[in-house]
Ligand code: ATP
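Take a look at this one chain, the form predicted alone, written out in structure tokens.
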């Protein structure tokens, strides 16, 4: 039996970062959105042992690979005897602010739980995911959500807002999430506009939504990698309603109202040497497929 599931990338439509918590994490608030750029995670149960293969291969040691750590945590938490072969086909760039590692970990937990008869409830799975990384609980929910705390507080949102995205970043570049957060200096408290963003999403008011989007980490990331600002400018010049850093970067997304326009711009940026892809929001979760 082989189970498989897409591990969806995410963008932060808004990201507010405050001071450090007592556990060493930053207090955040974010509106997160999954998109149709995805890795593919396949699980085959084994009698014992864990194997993980990535295509293309990654230079990350197993003890730092979130999907492998997720499998270890699952068997430790459930005390089940067994193992798994995990195969991941990577399409989401690594360390790009798109949550690829978290998505892989979330998919691994969900698939293992399904393969072994669902010993854990969805809430228990999310609690396990939170032990692996701040974005993992949201990656298990997918869709759109208001995320708070260090990422463990996830409130799912429903909307039918229709827009398209162009993702772009300099080829061969990455930013360490830890480094970006370490260099970030919290600003004075600003008015909370998360609820206004959610209202615009639910009203399918793209123009208003675009005018409200923000990322507190963007200024820090631009200082660390100035080409981020160049990509933002390029996207705006190509007609994006708004261009914004996703997460800790370095990926920037531009919002477009028409799909053909997003595809054209993605092709234009690819021709200029950027990694780029056209994408659109995925508003609901996908169920595992069995072979």
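Positions refer to the first chain, counted from 1. Just so we're clear, the structure is a prediction, and the values are computed from it rather than from any experiment.
The same protein also exists as the form predicted in complex with this ligand; that form is not shown, yet it is the one meant from here on.
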| query | finding |
| --- | --- |
| Among 254-262, 56-64, 237-245, 23-31, the region lying within 4.5 Å of this ligand in the predicted complex by heavy atom distance | 56-64 |
| Contact test, all of 90, 95 and 104, partner this ligand in the predicted complex, heavy atom 4.5 Å | yes |
| is_contact(residue 177, this ligand) in the predicted complex, heavy atom dist at most 4.5 Å | yes |
| Non-hydrogen atom contact residue 100 with this ligand in the predicted complex at 4.5 angstroms | yes |
| In the predicted complex: members of 150-167 within 4.5 Å of this ligand, any heavy atom | none |
